[in-house]
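Starting off, we have a lone chain in the form predicted alone, written out as C-alpha cells.
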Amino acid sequence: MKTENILVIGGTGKTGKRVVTRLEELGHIVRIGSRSASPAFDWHQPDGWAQALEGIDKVYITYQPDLAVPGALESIEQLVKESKRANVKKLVILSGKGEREAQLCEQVIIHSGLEYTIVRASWFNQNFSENFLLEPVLEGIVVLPQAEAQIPWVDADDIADVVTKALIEDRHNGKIYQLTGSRTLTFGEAVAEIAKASNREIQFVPVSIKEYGDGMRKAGVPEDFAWLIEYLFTEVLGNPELAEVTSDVEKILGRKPIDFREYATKVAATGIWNTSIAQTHE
C-alpha cells in the first residue's frame, strides 16, 4: 500500500483523533491540523493554511463547531482554493445528517474538481462521554428538549473507520455516505441505557426549546454556542431525515454498527460516568 501524506483537520477532536490513530497504524504520514500543532491550523487564521497543506495528498475536514454556523461556507470555499493551490488530490468532509445548511458546504467540495467523499453522520454516542452531555450525566439529571425525537445514534469509532477507508480507498470517491446506528433511541432511552450500564440513577427531564435556551443563557453559555444548540435541536432534530436508519456503516465496513448499548457498556467500564471518580479529577 502506498504511503500518503494526510492532513487531519480537527485531529484532536472526537473523530479526528481516532482517524489519526488508524492512519498512523497503517503507516501513513499524518499531520494534525489544530491550533496547537506545528504548523498550526486555525479556522480563524487562513493565512496559515498554505503551510499546513504543503506536501499533503489528502485532507480530512472537520469544521468546528459545525458546518451550519455562519462563516462556515466561506471557510470551506477558501480551504478548497488553498487545497487546489497545494495540489491536494482528495478531500473527505464530515457533515451532519439532516443538516440542510451543512449541505451547502458539501456542494463546495463536490464541485471543487478534486476527488471527494462526503460523510454525513447522525448524532454521536460520544456526546454523552466526550461532549456537552457528559456533565449532566455526571450530575445525574439530563434536561433536554425534543424528548420524542428518534435518533439513530452513531459511534465515533464507526465514523473513524469509514473516514479512514474513504481517505485511502479510491472506491469511495464521489460517494455520499449517511452513517447511523442500527436503531433509534430517544434521549430518555439513551439516558436509561447509560444509567443501567453505569449502575446509577440518572433522571431525564424533558423541557421546551425555549426553556432550554433560557437555561443556557442564564448559565452564561456563549451566545454563538447557544445558537448552535438551538439550531441542532430545532432544525436538525425536527427534520425527519435524521431519524432514518441507514445500512452504510455495514455496507462499507462489512459489520454491523456499534450499538448504543455496546457503547454504554464499554464507557461505563472506564469509570468516566462514576461520579466519585469524576470528582477526584476536578
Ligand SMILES: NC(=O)c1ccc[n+]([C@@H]2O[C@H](COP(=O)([O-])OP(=O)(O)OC[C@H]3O[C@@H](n4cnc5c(N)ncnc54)[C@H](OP(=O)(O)O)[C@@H]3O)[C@@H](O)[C@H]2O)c1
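Numbers follow the displayed sequence, beginning with 1. Note that the structure is a prediction, hence the values are computed from the model and not measured.
Beyond what is shown, the protein has a form predicted in complex with this ligand; the following relates to that form.
- Highlighted residues Gly11, Gly16 and Asp42: every one comes within 4.5 Å of this ligand in the model of the complex, counting any heavy atom.
- A single residue from the set Glu230, Glu54, Asp66, Glu244 has any heavy atom within 4.5 angstroms of this ligand in the model of the complex; that residue is Asp66.
- Proximity of Leu94 to this ligand in the model of the complex: non-hydrogen atoms within 4.5 Å are present.
- In the model of the complex, this ligand sits beyond 4.5 Å of every heavy atom of Lys251.
- Among residues of the shown chain, Phe124 is one whose heavy atoms approach this ligand to within 4.5 Å in the model of the complex.
- Using a 4.5 angstroms limit between non-hydrogen atoms, Ser36 touches this ligand in the model of the complex.
- The stretch among 57-65, 22-30, 251-259, 213-221 whose residues place heavy atoms within 4.5 Å of this ligand in the model of the complex is 57-65.
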